[in-house]
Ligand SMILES: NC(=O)c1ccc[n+]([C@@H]2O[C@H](COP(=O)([O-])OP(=O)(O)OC[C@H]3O[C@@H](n4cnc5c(N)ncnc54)[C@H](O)[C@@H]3O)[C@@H](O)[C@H]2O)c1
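One chain comes next, on its own, written as structure tokens: the form predicted alone.
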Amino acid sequence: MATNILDLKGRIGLVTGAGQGVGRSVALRFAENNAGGVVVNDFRLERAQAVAAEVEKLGVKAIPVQCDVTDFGSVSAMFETSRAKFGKVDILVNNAGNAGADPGAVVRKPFWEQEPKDWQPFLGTNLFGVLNCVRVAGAEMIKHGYGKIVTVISDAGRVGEPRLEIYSGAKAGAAGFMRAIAKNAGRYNVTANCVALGATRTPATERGMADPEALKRVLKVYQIKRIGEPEDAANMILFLSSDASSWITGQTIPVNGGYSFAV
């Protein structure tokens, strides 16, 4: 029988924002590849519960946990719940993103007309949410001498996007933070990497992709002429969460259909 190099060897994974889209696909990939358990986080409990049920149908234990990653106390409680169920968390996937729990708070106007309060939805989820989760999970990983941290960013953080200035900056900040964590935690057998996504089909992007003409304009700058699927992202995240990537840390790996290139 062929060896599955992506086997997670019974380790426990926690995926933020896993109630839909990329996070859901990651949770299911973990279940399909011998995770010992999956903690399914979402700020809407019913979504987390639905995905946890899907994971359990695949024969893997799962717990749904409601948590807003921008709240450090809530994040700490989530990890306490995870430890009570599974003992520890070996793999952290920081997938929660976009504008967080309140997309309606996003202000759609030029940066030059925005106020500092308008920046909080993007900074809170995409930067401070990552800091909160890594602060809690990383300390435990160092204590146990093993850990995998994968943060989902966007190509906006690599190349910058007009009209998404704060989002671009938050994602770039998360990537810089992960590089620093990689240097800090590598000696403890903890790796820290980012996956940078191009245009990917999720509930948050579905409306914009429903217009054929708009989609055609988007795909002009992609070398592979299709939109990314959640599974495309999940496959790379699974690799970085497995021991197949044990000598890879501090990297940002694009999964983007050739929208931009990494050197």
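Being a predicted model, the structure only gives us computed values, none of them experimental. Residue positions are given as counts along the sequence shown, with the first one as 1.
The same protein also exists as the form predicted in complex with the named molecule; that form is not shown, yet it is the one meant from here on.
Note on the partner interface in the predicted complex: the residue among S82, S154, N132, N193 having a heavy atom within 4.5 angstroms of the named molecule is S154. The stretch from 52-60, 65-73, 211-219, 27-35 that comes within 4.5 Å of the named molecule in the predicted complex, counting heavy atoms only, is 65-73. Contact with the named molecule in the predicted complex holds for none of G13, N189 and S242, as no heavy atom of theirs lies within 4.5 Å. N235 falls outside the set of residues with a heavy atom inside 4.5 Å of the named molecule in the predicted complex. At a distance threshold of 4.5 angstroms between non-hydrogen atoms, V89 is out of contact with the named molecule in the predicted complex. Contact annotation: A96 falls within 4.5 Å of the named molecule in the predicted complex, judged by heavy atom distances. Among residues of the shown chain, G100 is one whose heavy atoms approach the named molecule to within 4.5 Å in the predicted complex.
For the partner-free chain shown, L197, G198 of 179-198 come within 4.5 angstroms of the named molecule in the predicted complex, judged by any non-hydrogen atom.
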